[in-house]
Structure formats: C-alpha cells, structure tokens
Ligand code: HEM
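Given next, in structure tokens, is a single chain: the form predicted on its own.
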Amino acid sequence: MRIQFNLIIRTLIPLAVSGFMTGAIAADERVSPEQLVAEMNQRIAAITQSSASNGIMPRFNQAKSLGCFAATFKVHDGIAKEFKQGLFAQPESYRALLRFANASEQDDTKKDIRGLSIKVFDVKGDPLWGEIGVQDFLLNSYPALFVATPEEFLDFIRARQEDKITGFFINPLNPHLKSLWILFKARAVHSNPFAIRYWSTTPFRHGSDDGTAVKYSVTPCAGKSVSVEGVAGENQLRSAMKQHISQASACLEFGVQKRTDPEAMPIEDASVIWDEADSPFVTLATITIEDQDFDTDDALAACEKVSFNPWQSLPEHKPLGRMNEVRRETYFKASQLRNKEAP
C-alpha cells in the first residue's frame, strides 16, 4: 500500500505542483454561492494570467488545444420516446464543432485527462443562456470529477494558486484521498483522442422537468477503428488525429445514461460514477469528422478562442446540481478574460 501511495504522489506531481504544503488549509466553511463563485473567478483569473506564454493565455482546465474540428452531429431515427427531448426530439443532421484538449499537460506523451467539448449549431429553441441556436456539451476522458462539491473545488483552486497541491490531497486536517485516487485512475497515456471514450461527469435534465436526469458519453463507433502511429513527441496526439482523418473519417457515438436510482446516482456528488450495469448508455446520435486542415497556425489560434459553457443549452438539457451551477459564471468569466487578453 505504501509503494502504491508513493506512486500516486509521483504521478500527480506534474499536475501543477511546485511545492509541498507546510501549513494546513482548514476545512472550508460553507460560504454563500455568490462568495464562492467570486473567489473562484478571482483565483482562476490570477492563475491563468500567470500561466500565459507566447501570447496565449491557457484555460484553467483543458489547457492545451489538440485541435478543433468541423463535424456532423446526426440525431438518430427510431429513438425511444422517453429520449426524444430537446435536440433529440426528431432525426436531423446538425453542423458541429469539436475541441479536443489535454486537461493540464502541454506534452502529449505524459499522462493526463483528455477533454472533448462539442458545439452544435442551428438548434431550434431558445437557450437557457448564451447564443441562440447553439447547444454545448462538455466531457472528459474519465466518468467522474476528482472533487465532489464546489467547496472542494474551491479548496483545490486555492491550493493550486498557492503551489500547495500535494497538501490539498494529503493534508491531515482535511485530506482528499478519494480525489487523489480518482486522479490516479483518470490520468493516462493515450494514443489517439478519436479512439477513447468521454463522459460528462455531471448530470443534466432530459425533458421538461428535473425529474429525469442523465449523464452523457461519447464513444468511438464500433468497427470504425483506424491504426495510427503519429509522430512521437509532445504533439503526438495532434499527429495521430491528422493521420486518422487522412485515412478515414472519425466516427463517434453520443449517448445518454438515465438516472434510475437516486441514492446510487446522486446529483450533488460529482465524484460518483453512475453504474452502467444498472443503467446502460443509450446511443442517440452519431458524430462524423472528415479530413480537414485543423493543425495550421491560424486554425489552432482560432481553436484557442472558442468558448464552451454547459449553460449554453436548451431548457430540456438544463445542467443540474451545484457543481454545474458554479460553472456557468466561472466558465464565462474565464472566457472573457482569455479573449480580452488575446493578441
């Protein structure tokens, strides 16, 4: 057990650690939602500004753009009636934009969590927030977040700003050992972002009221794998994607998992994985990416400027839970800052 624990620490050090916590952060007292979001915004702004390099201010999360791709998001015919809601009410093909990213590492050879953000265009209906005609979905390559609540996430942001990440995980007064274990399992070396699975981690409404909740997942289409090697190095994932679509279109399936057990499938704990044995994902759409020039300097610069927000959503897909609630303003403020500071 001691050897495994030391391995976990060594694996997570590159996440952002540059020092060890010598003073303990006490368990965070409950603050108002307004205070919590205000402090998150202030600290995230300071972190992103201090991380700027070569004229680019990286995102606090999903820091490295591997590429943005024009795609087709095709809603299937024959969907079960209970899932015919919002964007999925009827079979139709939509224009879409997909951004693939590394959560924290600039070097693709290192273990990391990968991100997938989807923007669907020409959507009918008024969104809860943001631009009319657009539906966003945000996913990661692991089915749970490493923190359960907004308060834990604020603790992590504080620790990251103060270069005390290790202390966040193993602080004897307020340890986050489950968070440590989740990150250890979630971070991995990947060979091709088109060939891995992604999850929303947080729940969303599916229909006219909050009684029906789902999580999302995007999975490589069965039987559509492509053998790629890419060019080894810090940009090898970008190279692998380029090689993939030069040989064949990339195919991904978009699915939802219905909440069937309120106790085993909580809304307010983002660190809990909903068991697929109890509620399997149901495929509702197929995403297709054709060959395109996504890795030019201009394309990558444009990709950096694209913003996503879970609240850029139809009411039928409303984000649920307190973790999603704080994401609305923090994502928006972070986007404003990055684009304001961009050259």
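If you're wondering where the values come from, they're calculated on a predicted model, not measured in any experiment. The first residue of the sequence shown is number 1, and the count goes up from there.
Absent from the display: the form predicted together with protoporphyrin IX containing FE. The rest refers to it.
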{"item": "The unique member of Ala285, Leu314, Ile44, Ile289 whose heavy atoms fall within 4.5 Å of protoporphyrin IX containing FE in the model of the complex", "value": "Ile44"}
{"item": "Contact residue in the model of the complex, chosen from Phe73, Trp199, Phe168, Phe83 - any heavy atom within 4.5 Å of protoporphyrin IX containing FE", "value": "Trp199"}
{"item": "Check all three, Phe156, Asn174 and Lys178, heavy atom within 4.5 Å of protoporphyrin IX containing FE in the model of the complex", "value": "no"}
{"item": "Proximity of Ser51 to protoporphyrin IX containing FE in the model of the complex, heavy atoms at 4.5 Å", "value": "no"}
{"item": "Heavy atom of Ser117 within 4.5 Å of protoporphyrin IX containing FE in the model of the complex", "value": "yes"}
{"item": "Lys318: touches protoporphyrin IX containing FE in the model of the complex, heavy atom cutoff 4.5 angstroms", "value": "no"}
{"item": "Distance check, Phe60 to protoporphyrin IX containing FE in the model of the complex, heavy atom within 4.5 Å", "value": "yes"}
{"item": "Protoporphyrin IX containing FE in the model of the complex: contacting segment from 261-269, 138-146, 75-83, 178-186, heavy atom within 4.5 Å", "value": "138-146"}
